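Here we start with a single chain on its own, the form predicted alone, put down as structure tokens.
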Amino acid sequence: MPARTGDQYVQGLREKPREVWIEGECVSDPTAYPGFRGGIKSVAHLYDMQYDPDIRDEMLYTSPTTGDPVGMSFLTPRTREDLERRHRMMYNWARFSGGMLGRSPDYLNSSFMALAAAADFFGQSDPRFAENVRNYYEHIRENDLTLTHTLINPQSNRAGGPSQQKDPFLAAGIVEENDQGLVIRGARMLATLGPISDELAVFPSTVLKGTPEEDRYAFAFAIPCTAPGLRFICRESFDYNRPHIDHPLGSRFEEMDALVVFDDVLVPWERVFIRRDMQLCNDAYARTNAVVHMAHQVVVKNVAKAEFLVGVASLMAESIAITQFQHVQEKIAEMIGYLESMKAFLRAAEADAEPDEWGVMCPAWWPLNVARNMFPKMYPRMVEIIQLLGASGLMAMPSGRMLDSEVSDDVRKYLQAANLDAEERIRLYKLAWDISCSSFGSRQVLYERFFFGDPVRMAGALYGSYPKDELMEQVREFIHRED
């Protein structure tokens, strides 16, 4: 079928009951729950953007299988121009949310595009698995499905691996294999967008140790979010069902995070990609270059997010006439430096792209790897600058309803800004609050800090893998130079 519209996405959620637990309530239809509505509406808008006549050519391409228009994020890039086409599509989606939808569907679309191109990697242990990956990629491409994923084990006893916990099925593991497939029991974290997705991809993220006790945790597969025995246990929603003026981000872009429980969930063999193979699990993202293409999407998102924050900070400074102060200029200039760094990393990665062993045009890894290590430090600092610029003004903003209350004259008189009337200032400063102080904003900071995992572990991986030998040899030669 052709790429979906927003109505088709929403209808798909409504017609396929799933087990979602939130605030002590079991929700089978996420479209009916107020705390999910804003996020669902925003994801639906992303799908509608695919048919926007002004950008349709940037959002869709022709399926090589059916000839139908399908989402550009599924495109397998063979040239640098293809990478730029994917970039433009992903930027259009990211700009709509100001980068606040961290797990928009193009993220995992990018992953499975790369996994399918490298399907032979999965066929090393079982030829069926290579075909499974190819078929699954085609399935989600032709049906334009929304995916979530879950990667890490519950935070219980971090001193031991999954087999060393009090309950061997605290972490999701294979409890049985039969003619139909794998039976999975246990839990995984942290499915962002989970309750409002169509499919769940389950891959390992941390290194699995090569002991026999660990092999039951070495797998990769994908199943519908409606699979029997599958449960999503959600945190509280940061969409408080309030007007956009009061919570401009939380009311629109709540993508939800959930613990995923597998209560003896059957995974059919045709949905299995890796089975009891720790080496394949540990190598999957790097060998297939899925991590590179996922990082490409993330850095596009980071550019849009940094642009959004620079715009907010600049408008705040202009609104209350503080742009002439040097400390204000310095702070916003610092944010501009972060933005331009992300843009430079992205440009370098695309300019230096080369075909990989699977014939896919792959962005250069080092610019993307450095970008994903730096943004978790940049983003909290940008948020801090917005706090510093807003100061007590962030806490002095009444709700939008006050504009129509008996004290509206006071509100309009005393909350006006040098260059904005009171309503516009309330809208701007409520946005700044939602970025920097609200539950939604705090979650965004935490999310960016750990987007790709523990930042210390990531830094160690960057240090350990970066090709430093040639650089050190250059210095050795220099210190012994006689001329």
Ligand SMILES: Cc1cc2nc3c(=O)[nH]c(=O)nc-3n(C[C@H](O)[C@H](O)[C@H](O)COP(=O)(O)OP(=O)(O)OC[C@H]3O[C@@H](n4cnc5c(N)ncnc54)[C@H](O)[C@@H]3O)c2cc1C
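Keep in mind it's a predicted model, so treat the numbers as computed, not measured. All residue numbers refer to positions in the sequence shown, first residue = 1.
Note that the form predicted together with this ligand isn't included here; everything after this is about it.
Checking H87, R275, R103, R141 against this ligand in the predicted complex, a heavy atom within 4.5 Å turns up for just one residue: R103. With the partner omitted here, the residue from D454, D48, D68, D29 that has a non-hydrogen atom within 4.5 angstroms of this ligand in the predicted complex is D454. The stretch among 124 to 132, 353 to 361, 182 to 190, 400 to 408 whose residues place heavy atoms within 4.5 Å of this ligand in the predicted complex is 182 to 190. Under a 4.5 angstroms non-hydrogen atom cutoff, this ligand in the predicted complex lacks R37 among its neighbouring residues. Within this chain, T150 lines the site of this ligand in the predicted complex, having a heavy atom no more than 4.5 Å away. Among residues of the shown chain, R443 is one whose heavy atoms approach this ligand to within 4.5 Å in the predicted complex.
At the 4.5 Å threshold, heavy atoms of N178 stay clear of this ligand in the predicted complex, well away from it.
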